[in-house]
Structures are given as structure tokens and as C-alpha cells.
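Here you get one chain, nothing else, as C-alpha cells; it is the form predicted on its own.
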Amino acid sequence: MTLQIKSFDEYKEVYKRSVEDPEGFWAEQASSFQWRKKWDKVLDWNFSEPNVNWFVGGKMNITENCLDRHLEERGDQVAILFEPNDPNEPAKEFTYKQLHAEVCKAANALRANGIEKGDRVCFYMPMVPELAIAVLACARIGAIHSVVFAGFSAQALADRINDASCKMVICSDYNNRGTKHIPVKKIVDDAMALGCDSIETILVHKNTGDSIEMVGGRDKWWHDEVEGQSTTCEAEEMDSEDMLFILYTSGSTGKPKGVVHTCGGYMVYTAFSFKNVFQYEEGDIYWCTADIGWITGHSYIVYGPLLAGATTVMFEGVPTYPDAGRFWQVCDKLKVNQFYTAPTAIRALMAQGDEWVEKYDLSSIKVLGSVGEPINEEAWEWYYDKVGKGNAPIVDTWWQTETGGIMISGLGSHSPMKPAHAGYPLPGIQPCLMDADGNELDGNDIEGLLCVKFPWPSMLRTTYGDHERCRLTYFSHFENKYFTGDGARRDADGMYRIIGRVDDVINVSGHRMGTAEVENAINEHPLVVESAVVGYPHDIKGQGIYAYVITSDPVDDEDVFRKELLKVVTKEIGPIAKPDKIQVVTGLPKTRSGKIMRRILRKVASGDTSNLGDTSTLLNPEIVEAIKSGALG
């Protein structure tokens, strides 16, 4: 079984061992899985090319470890618990036996449609069990899945299909999200019209049954293809370093980067991090609210939990439908033990009032998780007090699409917590802080650029079709280091606090300030729901601070409100951090994963709105015009 740490003292001992003998440590973790052939060498690496290989020569299939090896012991245990968009519809359950059978049927259907080992399959689907089933079916036959969040535009979808030369798209007819009825297949058709010559087949899952157009010879119904297939399917033997999936992440150049993850190392690390961060125990119900279109869904809805033999919840809906108590109603109903969500969701629900949380029994929750961005202190405190009732520890997890798994975090209740601090590195993770000149900063109570100086099993191997881009983006800034792009502070106790992206650090009169830090202070004002802070060119200070602020109620006197905010920031950080400009806005430009697109805010703040770049992948592109029209000169 995967090692599960049970105290902070044990963590310190295990961490020391993992750094002194990383190969021995990871070989031990890997030994708890089924390998068809054991590896010849644990690790072969250099960061200059970069070239990283884990469990070299090892042969396996990740789905045999997610499914087959559990059948004897927990075949009748629920593997996936599906909670539909409509709370009046019953939840669906798939036991490990049932999930195994469905994955085999889907894998046989893919093979029958010409999908072979190494082929790329693109997904554009809602959060329904068939998405998880088909993703695992790809892995079973050695096809490479590329899941695109079913909210991206047709152009964004086409770009990703073409970059990976996908052979097949798997989608749904429509997608239900809250009160929205989204024509998913229509968007796929629009993407095809833009030119996706590599696509041979589109499989359509009948999600709502509403009418759609089907193109003869190309489009097929999922149920027709899967029905009647055998419930056994020999899993393809995969090399540890064979590609498992491609997942696209926005690049600073605008062209999406296809982050590549491979089979063996990703398997070992996601299982290890899942069990330790969430302290999952036999019989627990675990719920991550992310979408499988993002890395969080890959690692901590599908692979990590299933590798650990867990019961994982899949949720189709949104946090505010039919009302702002939906998350808590599901936690109560399913008796959720571990709950993992994003600060964006926490802040949105906090603004709706405590009564929505207080209606429900949340006593089953043992661990609360946060992911996607640093969680501000006010949201942390609310989450801990109102949702966790002061009993459930918060694991504020720091990691990236590129890292494959959680890198810095608490371990359930077995490590110290501080609001807005991610905490300590997981065993096997060797972070370091660098200055701009490439010197490693020793000791505690310091701030620098967050890098990692030794490989870990689930790290990205390349960017699909463009290895040089991978080298330039992540490995060219500092010799023999993976550069995360984040700034961080290591406090007096050695705990890490993520300040934010390096381009989200403002240098005001020689003082470096993280935007998250200023936002935390602004958010202390009782009227503020959310804020975003950026730097802009300032004649005297070098950079000034421009704050965009969303309020819970209309502001009667903006001058009085601004003065109050400046007072709060002065109190929280000091006069140096006072925003020079404060614009009250009704919304912020966000990607569909809830991240604020700061490059747009920086351009507006600097007065340069001539070219704001691609805004098609925003959740709310219309907000950009409203922000531009209200910009402060």
C-alpha cells in the first residue's frame, strides 16, 4: 500500500529520507502498484534539455491499477458517485466492478472505431460519468486523451484539436449547467467548420436527448457504439514513459501549450499525494468540485482517487444552482468526508451569506481543500469557521498543470496551518527560492522566485510537438531548476506562502509587493466581495497600484469608499501598499477555470486598450468593455 503519513514528526522523518535518497523513496512508493515488468532504473534526468525519465523500462497500464487490482477486494464498493445538475434527479453509482465493465466496453468501442495506441482523442464533454469512463478507456488501450473544458469556444477547441492532430472527438449533445442548456455538439460542429482535418470520427453521448445534427459517416452515437461490446478488454502494455495525456494550458504568447504527462511517474505521484494530502481512509466519501477539463479533475477526481481505491464524487452542476446552498446540501446528503474546491467558489458563496451553510449538517467533513490560486485570509477564515466548524483542517494546495500533482500543502490534520500559507513541500519535492540573478536564497523569512531543484515523478515531460518551448518556458531561467513562474515567501517557520505569478508582483518605489497581499487587505473591507490588483507605469514610483473592486452592494459615495479602502490597506500592510487608483467594477475578466485574466487588467490600467489580445476563452467577455469604459485615467 502507498505510504500514508500519520504525524508531523513522521512527515519530517519521511521528508528527510525522500530528499537524501529520492530514488529509494520513490521505488518504495512505486512497489505498491502492479507492474507487468519492473523498471531497470528508477530515474534518469537532466534539466538542461530537459529530459526526465522515471521508472525506466517499467511496463504497466494505469487502468489495471485504477480498476483491475481493486476488483477482488472492493469490487462492490462505489468507485464513482455521480451527482447530477438537477438536485431532484437521483445520484448514480458505479461500483469498481461496474466501472471496470463500462471502461472495457468503451475501450472496445474505441478500438472498433480505429483508435490505436498513440492516437490522440479529444474530449469536449460535461461532467458526466461517461467522461471519466471514456478517459479511462483511452488509457486502457494506450490512446492519449486530451480533455478540453466544455466551455471553450469553437476556435479554442479547433486550435487544441489541430495542435495534437486528434483522430476523434468525444462530446455530448447538450450540457446542463445550472439553468443553462449548452449546445455542446453545435460548438464541436463549428470547430470542425474551422478546419480539423485530422478528425475521422465524432462520438456523441446522448446527455439530454435534444435534437442535434449528425453528419453521416463521421458522427456516431456513443450508446450505439458501446452497446453490445464485451465487458473484458485486455489492457495495452505501456512503458512507464509512454504518453498518458495532453492537457492544454494558456501560454503567455496566447498559443496554448500542450502539457504532456506520462504513465508511470504520474500514477505513482497522484496516488501518493492524494492519500497524504487528503488523509483518505477506507470508506470515506471524497469530493473534488473541479471539472475534468482541468488538471485538478484529472489528478484528483479520476486518477488519484481510483488508484487509491477511493469513492470519488463527480458533480455536474454549479455551486449556486438551484441556490447558494448547493455544495453544502450535497456534502450533507452524501456525507462527504473530504471537500476540495477553489477560492473563487468560496468567496462567491461567502458573499451569499452564512445562512446557506448553516442550514446543513457538515459534521462528516474531515478535511477541506483549496486549489487554483492562493486563498486570501478572509476566505480561509470563513471556510475554516463556517464550513469546517473549526474542526476540519484546510489544505491550501499549491501545484500546477505542469507539476501533475500537489507540491506544497498540509497533510490533513498532521501538519501546522496558517491562513494563506500553502505550508510545507510534500515528500520528494525540493523547492528553492532564487533571486533574479540566479542565486539560491538560504534560510527562512525570505522571499524569492519559486523553483524546484530535483525532478519528481509526475512532472511534465514536454510541451506537445514543441520541446524547445518547454525548455524555454520552464528550464531556461535558472540552471538545473524548474521555474514555476511564481513568487513565494518562506516564513520564519519554513512554511511557504505563494505570493502569485511573478508578473503579479508589483515593485513600488523599490518595495516588492505581491498582488495577492494587497488584495487580501482590500478584501477585509466589509463591502468588498472580490478584488484584483495590478501594477501600472508610474512616473515617480516606477509602478503604481491599480485596484479593481467588486462590492456586494452599490456604493453611495465612491470617494468615501475609496478613503475607507486606503485606510484598510494602510492598516493591513502599510501606506506603501495603498492603491493609487481604485475602480469599482461589476465583474472581473475570468477564464472558465475561475482565474482572473490579469493581462487585460494590466493593459486597461496602463491606458493601452488598443490590443487586448484574445478574449474568446473568457467566461464573461462582455465585462471587458464595461471595465474599459469605467477606467480611471
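Residue indices: 1-based, along the sequence shown. Predicted, not measured: the structure shown is a model, and the values here were computed from it.
Form predicted in complex with a small molecule: not shown, discussed below.
Undergrad: Heavy atoms within 4.5 Å of the small molecule in the predicted complex: which stretch in 380-388, 190-198, 364-372, 166-174 meets that?
TA: Selected range: 364-372.
Undergrad: Evaluate T296 for contact with the small molecule in the predicted complex, applying a 4.5 angstroms cut-off between non-hydrogen atoms, and reply yes or no.
TA: Yes - in the predicted complex, heavy atoms of T296 and the small molecule come within 4.5 Å of each other.
Undergrad: Against the small molecule in the predicted complex, would D486 count as a contact residue? Criterion: heavy atoms within 4.5 Å.
TA: The answer is yes: D486 has a heavy atom within 4.5 Å of the small molecule.
Undergrad: In the predicted complex, is there a heavy atom of the small molecule that lies within 4.5 Å of any heavy atom of Q430, even though the partner is absent here?
TA: Although the small molecule is absent here, Q430 would stay clear of it in the predicted complex, with no heavy atoms inside 4.5 Å.
Undergrad: Verify the contact flag for D284: yes if a non-hydrogen atom of it lies within 4.5 Å of a non-hydrogen atom of the small molecule in the predicted complex, no if not.
TA: No, no contact at 4.5 Å.
Undergrad: May I ask you to choose, among N162, N207, N108, Q400, the residue with a heavy atom within 4.5 Å of the small molecule in the predicted complex?
TA: Looking at N162, N207, N108, Q400 one by one, just Q400 meets the 4.5 Å heavy-atom criterion.
Undergrad: Only one of R347, R326, R490, R501 comes within 4.5 Å of the small molecule in the predicted complex by heavy atoms, so just point that one out.
TA: Looking at the other structure, the residue within range turns out to be R501.
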